[in-house]
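This document starts with one chain, in the form predicted on its own, laid out as structure tokens.
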């Protein structure tokens, strides 16, 4: 058992007995860095909704647990309450789960991104459940006049074995409300978990499959109007004028005007990425009527001039410089190839790589590229807004509600406490809904028309609006001696506009001579995080390259990686290596065992890959065959070390989805531009994986662990690309250096 300090007084562990039926509200703020004010405390119980997270215990023993983070399909709405319920020691059948409201004064990380929801909240949620349980035990001990150490719990019932007395949590809830918050509580041993580590169905599962209104596009409000935007047809253009004479005559159209989402005087937040802040807006009674009016709207555009804006990002305030011009993928590729041949900014240098390459008997040099990718969530961007002089109410799907609350307040000139963002379930995100310019747009539109409005993007609006996965180019070099022993590795990479190089990850630390460099290309095309940012490309290049090096050395690709990891474990090079070599090797050994590596059937071709990111370790083996020259992935093996797995079935589902998603993007997906115009506007041009193309069998294996949970939604994704590329090499005899691998299909 682990003892933890609660470090919170009675004001920060607010309770009330004024619930219906004499129940008890236990509200916790371990996810917060600040406490409620005296005024908030005085206003309780009616204002308990303002707290960051809570559990309610009713007189009948029913427990309501709120999930604080946005639900994007990663199933945190089930897994986060499971953690609270575990330490509370309640029967999961007695639990009702609700989405917690946004409260930026209380929550410290109300975000769906970075695969950090469970990792960042693990201790906080456990402490909340354990503290509530302790207060209930103390209430029972006082009532029965026995030592609290003699009170045990099980499935929401308190027991005193010596006297034979028992009571439900509901029966003791009112008495527990008078108990002081304990300064220290004991958390369970991992071996004693009853809920964590067991599979629980998605709490929204039935609602999803029966079509209940859970998503932003489902949201309705009486008197709500519909808005749509018209943004420039090309990056590098901006709004010049609008001819709305025909559009205004069309049925159901209320307003046509222009907006500027981010004026030059406004400092943007970290997630206010937007290439088209100035745009035309059409507002009407229905989606169909507005879509028809969009076709009649005549908008003129003009080239942008180079400009700059201030952004208050992760590393403080910075100036972002945006170049003018109409950019094309062809010119991007040429520029990246040019920079790839020049020295870059040195990120890390171990040993003497220059001498190692100079004295090498063999040098292997390979170039890897990847295009822009669109996120293409199934639910296009949308948000509801109702802005008055007194407040701004917003409802919809967003991964960063606490950040966008600040952006809306800044843009509308309202105090932060006057902005209320309610979260709906999201129909996909993958990083796209980290960037909430569409939310700010909805707020600005509502403020202008003085009415409730829902902003809806069409698929074409969404796909051509930017915030793409950057385009990348990386060069890998390896030096071998006359005995085919590895002497040095050199990686130099960059992109439009970011570098994907993670200098302190494997194989750094596993080789004496190592050099990592980066470069970048400025652009006016907006880019951002895309499932496992940067890692999704660099893992593909690195792990494909290591396979090729292993072949040149005459070694099995898994054995070669394990040898390098053994070196990193026993005699690491450098002090900044950000991975645990033993855990890294562990997933390779596990996938080797589960896939029975080396025993593939005739006609079946296998590739392996492993990667570390988002605090987790993943190894994949993919099996495929060729049919009419086209790859068919038959089976995938996935070995994962992400610490304690809260909900195994949900975790396996996430792994399966990651594998399918990665295969599709590796084989088919790309977004290209010509003179600033995106050449793919919908799914008939932007190829996604089809249902029948998914592997028929995906085996997911988790390393048994008592380490606190780490990331899961993103780290599974990156190594799939290289496992596929390496399997394709075995099948075709051809190495695949440029994504997508099969763009013609």
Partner chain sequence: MAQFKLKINGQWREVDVDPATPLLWVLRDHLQMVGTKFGCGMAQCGACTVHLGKTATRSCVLPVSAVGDSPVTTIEGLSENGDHPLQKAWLEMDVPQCGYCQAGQIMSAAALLKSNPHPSDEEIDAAMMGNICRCGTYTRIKKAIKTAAAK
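Every value quoted in this text rests on a predicted model; they were computed, and no experiment measured them. Numbering follows the first chain given and starts at 1.
The same protein has a further form, the form predicted in complex with its partner chain, not shown here; the description that follows concerns it.
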query: Answer range among 340 to 348, 488 to 496, 111 to 119, 646 to 654 for contact with its partner chain, defined in the predicted complex as heavy atoms within 4.5 Å; finding: 646 to 654
query: Interface membership of residue 695, its partner chain in the predicted complex, 4.5 Å heavy atom rule; finding: yes
query: Interface membership of residue 449, its partner chain in the predicted complex, 4.5 Å heavy atom rule; finding: no
query: Residue 177 within 4.5 Å of its partner chain in the predicted complex, heavy atoms; finding: no
query: Proximity of residue 631 to its partner chain in the predicted complex, heavy atoms at 4.5 Å; finding: no
query: Heavy atom within 4.5 Å of its partner chain in the predicted complex - residue from 245, 162, 220, 267; finding: 220
query: Listed residue that, although its partner chain is not shown, lies within 4.5 Å of it in the predicted complex (heavy atoms), from 137, 437, 375, 561; finding: 375
query: Residues of 177 to 206 having any heavy atom within 4.5 Å of its partner chain in the predicted complex, listed in sequence order; finding: 200, 201, 202, 205, 206
